[in-house]
Structures are given as C-alpha cells and as structure tokens.
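As structure tokens, one chain now follows by itself in the form predicted alone.
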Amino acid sequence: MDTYGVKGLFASAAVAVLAWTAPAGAAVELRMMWYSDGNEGEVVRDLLNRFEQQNPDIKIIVDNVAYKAILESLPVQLAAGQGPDIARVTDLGGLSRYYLDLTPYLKDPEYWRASFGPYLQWYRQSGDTKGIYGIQNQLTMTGPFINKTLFDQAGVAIPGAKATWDDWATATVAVAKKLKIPFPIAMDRSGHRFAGGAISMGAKFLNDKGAPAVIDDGFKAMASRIKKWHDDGTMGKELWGGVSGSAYRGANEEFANAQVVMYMSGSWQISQFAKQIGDAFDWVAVPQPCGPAACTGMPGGAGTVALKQTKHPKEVAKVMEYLASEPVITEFSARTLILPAHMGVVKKGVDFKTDLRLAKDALSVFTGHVPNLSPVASALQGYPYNRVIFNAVISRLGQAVVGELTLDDAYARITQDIEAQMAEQQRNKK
C-alpha cells in the first residue's frame, strides 16, 4: 500500500493520540472555497480528513459553493479582502494578483517545477516567471460529446475524425429532424467554449506582442456559424438566450435527458455523465470538429490556489504540499475521473475508478485531444486576462444570437469592451 495506506494507518493512530492531548483551540483553522462538477468535493474532503488526522494542528473547513459563486462572488470577496485561505478556481490568470507565492514556504519548490512546469505560468502575472501559486490538479479539454444512440436510431453515419464543423452540423440536424430532437447542437454559453471552434477556423485572439486582437476572419467564420445555427434551429436560442451578459449556461441537463444530439462542453463532464446517465444511452466523446486552421479545443481546468490575504501562510503551504503530492493527485484523479496535469502521474498513468466503459472510452478520447492542441489555444489559456476576452465575446455574441445586435455591431462592441476592461486592469495595477 502507498504512503497513505498501512503506514498511514499507524501514523493516523499516533497523531490521533497527539490530537487528543493537544490543548483545546490550538488548531489553526483554514477555509477553502470549493466547487464541484461531479464528486470532487466528496473526494477532497476525504483526502483532507486524512491530512487533518496527520496534522491535528490544522483544520480545514471546506465551503462547497456553486461554480457561479467561484466566478462571481469570489472575486468580490478577494477585492474586499474577505476571501478564503485557499480556493478552487478556473480563472487562473484573472485572479493572479490575489495569489500567495508559496515558494518561500515549500520544502521542495523544484518538485513543483518538475511536476507542474508548463502550467505554473498560467497562475502568474505578466512578467512573473518564477512564482508558485497553485496546483493544477485538474486538466481539462473542451470537446464534443454525442448521443450515439440517437445516431444509431436515426440511421445517420457519425462523421469521422477529420469532419468539419459544417459536417457535424449537417449530421446532427439530420438526426434531430428524423427523431424530433430539440437541439441538434448545444454549446456551453461560454467564451472559452467558443474559442476552440474559432481557433480551428483560424482565429488568433492575440497579436504578435501578446495583446488582444480578437476580431479577425477566423473569429468571424465561427461567429457567423453560431449566429446562423441559432437562426435556423441547429442551436436552440433558449440556451444562449436564457441568460444575458457574461453569464454561463451549460446544457448538461438537456444532454443527459437525450434532448441534444451533440454537446460541445468538455472533459469535466465525464464524471457527472457517468453518474447521471450511466449506460442509459451511449454518450460518446468524439474527435474535435475541424476548421481550415486546426481541429482543436481549448485547454483549461481548475487549480487550487493559496490566497495571499491568509494569516497562516505556513499552514496553507503545508496543505498545498499535501494536495500536490503524487499519491494524492493520483487518487484524486482516479476517483473523480479527472485528467491529471502532474507530469509524474501522467507518465505513470491513472487507473480510473469506474467500470463504465463509456466513461473510460471518453477519458481516452479526451487524453488523445491533448497532443493536437493548437499553440494558439495554449497561448490564449495562458494569457492572464483571457477572462476579459471570454466575457466580452460571450456577452456580445449572446446579444447577436437573440437579435439585440447585428454581428458587425457585436464585433465592434467586443473590441470596445476589451479595450475598456484592459484599461481598467491597468489602472488597478497602479
């Protein structure tokens, strides 16, 4: 057994005695804000229970919140200096000014550089090349799922590995028409999800100097398809049109209820679909739809970050070292069906804890997306202010979809929004 097996049981027994003899109120209390797509909250709580048994002087309170709270409430709390000590976040660069540099508190910073090397940059502010701020304990990749059962029932061939977005639109509409399915294609209402398709069409998002340059022919090629598909019923307006501004709207419930033929979302849905759908129908991850420039999704994922307003940086670092350890990363990935980002864990492989063939097949497909990732997508994910871009894009495209703006007006407003937000970011840095 591993470090947390038999040896851990003896260690736990020993620390239990220490805990019993420790003076009341001696433990440092840390707060962790956490969201879950599937069972991550249950798993991390179980892992932290073991940490607390081994470290009775530290107690971690996990505040489980909705993902929306991570996107909208956490930044407000941090700006007010009232945030938690640790948080699970996805806006890795956008919140970077609030992160604690763990380097002075870590026993072995080189372990972090070797284990999470390329991903550490995602957490740094511009110009920072050395800080260690968080754990990339979830690597995600956007990509499509299909309801293969619907394709089979409709007698429509599933497009192949190099199929284009237009090929997929044609095939999914054929399935939907034959079986009267309301949504041939659904895509999470998210600028991040849109970006993969746009990059496949040739969008660059950033110029040669690394600054936002969003509107180009590739961007317009994907945006015009999104508009057309909403107009002709390939995509349902009730999804993107159901919310406004930069608000997120997923279609996982509609997909799980067999109302969607093809759902553009990402690898983080696998755990939830395994639990929610199981083998009720064949849900299958398929290759990325192609454009003239690439067949790519967007990387991403969640990271667990230390926050610099904490009054207990040493204790926070101790918790982070535990969560970043190879055995813990391995167990977290195996039990949550999440792709790991830890280099050592990736090299050794993960025995994902599921007997569901559909889930294992989907994990294999998404793992295969990683080598085909466009450098443009990787650069955009690492851009500290990518959230500014994503929010402007989805807000204005959302307005175009429901008819509040023309596409040309949306393009102009996207550029204006980004310029205004970047100016605000620069003022905040002073």
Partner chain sequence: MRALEYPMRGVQRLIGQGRMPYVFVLPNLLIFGTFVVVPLFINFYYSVTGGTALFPEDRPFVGADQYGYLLDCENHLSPFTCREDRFWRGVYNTIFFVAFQVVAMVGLSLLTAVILNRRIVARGFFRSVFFYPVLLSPVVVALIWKWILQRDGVLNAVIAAFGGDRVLFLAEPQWAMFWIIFVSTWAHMGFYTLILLAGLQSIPADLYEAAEMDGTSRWRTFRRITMPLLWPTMLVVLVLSLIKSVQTFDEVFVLTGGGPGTATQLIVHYIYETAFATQVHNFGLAAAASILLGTVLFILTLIQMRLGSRGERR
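Positions refer to the first chain, counted from 1. It should be emphasised that the depicted structure is a prediction, and the values quoted were computed from it without experimental measurement.
Quick note: we don't show the form predicted together with its partner chain, though the next part is all about it.
Participant: Since the chain is shown here on its own, which stretch among 36 to 44, 65 to 73, 49 to 57, 366 to 374 would lie within 4.5 Å of its partner chain in the predicted bound form, judged by heavy atoms?
Facilitator: Going through the listed ranges, the match is 65 to 73.
Participant: Of the residues T310, S246, S325, S115, which one places a heavy atom within 4.5 Å of its partner chain in the predicted bound form?
Facilitator: Contact with its partner chain in the predicted bound form is made by S246 alone.
Participant: Let me know the one among P84, G241, G250, G202 whose heavy atoms come within 4.5 Å of its partner chain in the predicted bound form, would you?
Facilitator: Selected option: G241.
Participant: Assess the spot marked by S190, V214 and F219: is its partner chain within 4.5 Å of a heavy atom from every one of these residues in the predicted bound form?
Facilitator: Negative, none of the three is within 4.5 Å.
Participant: Decide whether Q399 counts as a contact residue for its partner chain in the predicted bound form under a heavy atom distance cut-off of 4.5 Å.
Facilitator: Yes, contact at 4.5 Å.
Participant: Counting only non-hydrogen atoms and a 4.5 angstroms cut-off, does P109 reach its partner chain in the predicted bound form?
Facilitator: No.
Participant: Are any of the heavy atoms in D91 no more than 4.5 Å from a heavy atom of its partner chain in the predicted bound form?
Facilitator: Yes, D91 lies within 4.5 Å of its partner chain in the predicted bound form.
Participant: Can any non-hydrogen atom of S395 be found within 4.5 angstroms of its partner chain in the predicted bound form?
Facilitator: Yes, S395 lies within 4.5 Å of its partner chain in the predicted bound form.
Participant: Is any part of 365 to 398 within 4.5 angstroms of its partner chain in the predicted bound form by a non-hydrogen atom, and which residues would that be?
Facilitator: If the 4.5 Å heavy-atom criterion is applied to its partner chain in the predicted bound form, 365 to 398 yields P384, Y385, N386, R387, V388, N391, S395, R396, G398.
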